[in-house]
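Shown here is one chain on its own, the form predicted on its own, set out as structure tokens.
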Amino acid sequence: MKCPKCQFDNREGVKFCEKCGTSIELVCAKCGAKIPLDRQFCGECGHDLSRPEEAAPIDYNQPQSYTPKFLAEKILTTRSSIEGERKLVTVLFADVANYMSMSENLDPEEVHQIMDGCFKILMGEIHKYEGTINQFTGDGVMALFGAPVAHEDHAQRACHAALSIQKAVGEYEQKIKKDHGLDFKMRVGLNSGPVIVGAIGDDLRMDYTAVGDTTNLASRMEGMAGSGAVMVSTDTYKMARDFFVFESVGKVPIKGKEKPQEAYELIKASEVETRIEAAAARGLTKFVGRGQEMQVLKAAFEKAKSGSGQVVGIVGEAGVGKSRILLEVRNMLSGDENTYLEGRCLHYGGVMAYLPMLDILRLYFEIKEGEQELEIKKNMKEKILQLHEKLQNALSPFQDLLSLKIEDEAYLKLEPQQKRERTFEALRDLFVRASQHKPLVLAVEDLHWIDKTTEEFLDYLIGSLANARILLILLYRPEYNHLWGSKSYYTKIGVDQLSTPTSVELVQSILEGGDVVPELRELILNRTGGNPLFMEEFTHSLLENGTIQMKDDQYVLSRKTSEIDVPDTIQGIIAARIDRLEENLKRTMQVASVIGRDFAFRILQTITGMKEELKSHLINLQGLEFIYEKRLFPELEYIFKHILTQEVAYNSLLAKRRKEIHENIGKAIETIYAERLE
């Protein structure tokens, strides 16, 4: 049984991941919700989980026949905003390594039966990470990650899916060997690159056109992979190397390529799960420009410590440094005099109830990897009773959350809503009582991906914090909305881009050992807009491809600035955020990007034909911090917060569409500024 979080292959029947401690859950066949193993009905749709499902036969030529409901809904609700656009994706090819031999030695009906089981494995693992299968090839599949559902971590998802496929096929091989006496292994190949998304039909079929060798190279990687192996291209490796273990196979000849290409074998997932962990593994850059934010957090902690509970929201766009601030807080508050507990919401964890709370409970009860259930329950009880004997009532809800066996018959007979209330109370009582022992800091990262149940619990908990020695730190992006902003004990820390002097300091710390020439410094500052992550990724990308070189103890540019592209890692983050916008906001921003980083309201209004609704769209884009007002007089002008955002929005449009908008801009300028034209 595979863990939904770390993909560890557990023994059958376990309720608790033996590697990371995550609860192993069922998936409702009707709505796709994640459900603990001992449930009889789905809490989301009421479906009877004990009733055997009459599975409709799968038609591999019809995507709606094999795409799960939750994924189909995402595709259909977002399709209009990505049709006719360039997207950066990761392509996965998988095929059976010894298919010809198997076909020669078995009856066609047996081959069909074996491949049917194989396809079910492939579909399950690919869909788990929100990849979409674009083609069944007879002995395998071709799938895309990053389109039609946009993901900033498409390369990581594809790597996770590839490893999961190989694990699952390894188990399936035992059955094939027992039944037919044959080896059954798969080869998987991955490559990342651009595609042009065409029409997406009601049947979920997506037309696309590969740009360059995006799909061909993925197919070549698959062809080169050994039996049971995963081979990836350089582009995929660069995007995923911080999160997985790879082995270089050196430069290999590729059909259709003049020069040999670097290729890598994907071995396993690394211990690194987040960008801040990846940065720490590489060596953290200097922590600069956040003194004021740290002072606010320190003051909030002092208030909480004195018995006046505090909630602090750390708000900022991706890459601006929210997680780094939290890391520094954790270091600042480390020690036996405080308790620090942290949970994280996952991009693909929105239907996993209580996900960050499970992280927090595992930390608090010090649940170790592979620990036996009896030992876990014993330790939980001891720790609960050390706090207060009345907290013993919290044991059953905690056992329920962690998918441990519950012996309390009265609790088992409760209705779902009553269990929910007991769970909320148990979590609140644990945190409040623990804070009476010593100050408690609770941190939850990435609230913009939070599950509904945890969100409702946080609302409930925040209402009980006023007189508790608890500091609750919540990290989220500007697009996330919540209800606790009016609380007197809530403080919002807006984390913006670094100032120019601080940015210069950060660039110099990244490029140690030499002076940075002004031309290079200005390029990095202008393109990254003070975003620490963008600065690091952009600079490391330029170093890696040889654009930055050291000459006479100075870092200099070896290419023209006009030839430098946005690194794929940054492009993925920005593009995924743009794709999550409402369609009218996204279209407005794309048209504005063609005008330039600065754009006049009158020109945008003329070429879009919109009136009052345009002002509303621009106000929303300002609120989400994609754009700012540049000036009101002599006429209203806006500016993109980051030139990289403008470039990604511009490059997402097809050349034909950009040409049309450019022509309309020219006509608008001639009309609006006729008196200024010679």
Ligand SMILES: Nc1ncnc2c1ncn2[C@@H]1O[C@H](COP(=O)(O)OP(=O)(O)O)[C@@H](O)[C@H]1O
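Note that residue numbering follows the sequence shown and begins at 1. Just so you know, these numbers come straight off a predicted model, no measurement behind them.
One more form of this protein, predicted in complex with the ligand, exists but is not displayed; see below.
Enquirer: Of the residues 243, 208, 172, 287, which one places a heavy atom within 4.5 Å of the ligand in the predicted bound form?
Expert: Exactly one listed residue reaches within 4.5 Å, namely 287.
Enquirer: Since exactly one of 321, 356, 140, 148 fits, which has a heavy atom within 4.5 Å of the ligand in the predicted bound form?
Expert: Here the answer is residue option 321.
Enquirer: Does residue 128 reach the ligand in the predicted bound form, with heavy atoms at most 4.5 Å apart?
Expert: Flag for residue 128 set to no.
Enquirer: Can you tell me whether residue 279 touches the ligand? I mean in the predicted bound form, with a 4.5 angstroms heavy atom cut-off.
Expert: Contact check for residue 279: yes, within 4.5 Å of the ligand in the predicted bound form.
Enquirer: Using 4.5 Å between non-hydrogen atoms, is residue 376 touching the ligand in the predicted bound form?
Expert: Residue 376: no contact with the ligand in the predicted bound form.
Enquirer: Give a yes/no on whether residue 532 approaches the ligand to within 4.5 Å in the predicted bound form, heavy atoms considered.
Expert: Taking the distances in the predicted bound form, the answer for residue 532 is yes, it comes within 4.5 Å of the ligand.
Enquirer: Among 563-571, 451-459, 310-318, 366-374, which stretch has residues with heavy atoms no more than 4.5 Å from the ligand in the predicted bound form?
Expert: Comparing against the ligand in the predicted bound form, the contact stretch is 310-318.
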